[in-house]
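Next up: just one chain, as structure tokens, the form predicted on its own.
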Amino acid sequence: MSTSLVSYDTLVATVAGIFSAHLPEGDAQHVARCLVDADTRGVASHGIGRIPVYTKRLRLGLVNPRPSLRVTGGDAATAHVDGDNGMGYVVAQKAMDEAIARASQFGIGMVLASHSNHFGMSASYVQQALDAGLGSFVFTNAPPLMPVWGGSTPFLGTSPFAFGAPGETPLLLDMATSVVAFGKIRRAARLGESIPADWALDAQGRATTDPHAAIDGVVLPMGGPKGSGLGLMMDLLAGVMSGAAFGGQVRNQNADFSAPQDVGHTFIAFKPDLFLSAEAYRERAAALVQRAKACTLANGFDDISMPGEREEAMARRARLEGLAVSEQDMEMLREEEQLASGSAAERSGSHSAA
């Protein structure tokens, strides 16, 4: 597959230009950075390949480009954000900001959001807390793509379990509750690639290596009943408790273009030194990492990496050297730029007429 090397800043500017046809400039920049950052970390399933479905939903009026985000309820350390059907990236950033503000004052902050949409890579919001010197948990629910354990039809989302803790070597865990993020299956279908046989079942409940058949079927839960249990936990925390859609009712942004998604999110930020001094926390966190890395290596391994460590190294290298963008994605970007130009011209014309 042919690729082009594109600098990080150039790619962010290109993606931001596409979204600025629909969103305020600051929001367009934020969405662009989240998407490109996913690609730098090797999480292509949540990278720029998702642009066409986001812009399609914006053009169809299924996502509010200028939401009025309302913060209400809760007590001193908690709150609720009504996302007003805004871009999930925008709603999530606001909700984590609120959780960080509360954690900074009270030691812990918990903020739930409803009436939102797909928010991309959970690591973006874990990193937001890490940048503030805080630990965090980030949960979201998602459209039904995975069976509950013992079932054969889609019911649970592949909702990610995300956690972060600051330190000399920060921990950043961001994992789907399915065997694999469903975005990787969609990407394989788009690129004409096959998938491993243990990722998904087709519509008849048979293992498949065909990503198109998998899209019509179900992706399997990670660890069987364990992934299913975590998926139920995400739906309760992010869906039931937030007031968003839940129990198989979150709409699929890639297949259902009849109504908004109504995704729910949960953000918990906390001070890592709540029960000991900041210095003691730093020393103990460093010792944990050092002891883990000192463990005897298993066959086939050269070293032991902490959650998020390899991804961060990839991201640093990509920001310095550029990103290898496939020709298909380059063509997609060119098409989206043309569509964005048309949308901007249309909007300018309507303003002139007014």
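Counting begins at 1, following the sequence as shown. Note that this is a predicted model, so its numbers are computed, not measured.
Just so you know, the form predicted in complex with another copy of the chain exists too; it's not on screen, but the next bit is about it.
Contact here is defined as any heavy atom lying within 4.5 Å of another copy of the chain in the predicted complex, and by that definition not a single one of Ala21, Gly61 and Ala132 is a contact residue. The chain is drawn here without another copy of the chain; in the predicted complex, the stretch among 31-39, 304-312, 325-333, 52-60 whose residues come within 4.5 Å of it by any heavy atom is 304-312. Contact check for Ala285: a non-hydrogen atom falls within 4.5 Å of another copy of the chain in the predicted complex. When contacts are judged by a 4.5 Å heavy atom cut-off, Tyr89 does not count as touching another copy of the chain in the predicted complex. Of the heavy atoms in Arg291, some are within 4.5 Å of another copy of the chain in the predicted complex. Shown alone here, Thr72 lies within 4.5 Å of another copy of the chain in the predicted complex, counting heavy atoms only.
A single residue from the set Ala101, Ile108, Ala189, Ala213 has any heavy atom within 4.5 angstroms of another copy of the chain in the predicted complex; that residue is Ile108. Of the residues given (Leu237, Ala123, Leu145, Ile195), Leu237 alone sits with a heavy atom within 4.5 Å of another copy of the chain in the predicted complex. Counting a residue when any of its non-hydrogen atoms is within 4.5 Å of another copy of the chain in the predicted complex, the hits in 114-148 run Phe137, Phe139, Val148.
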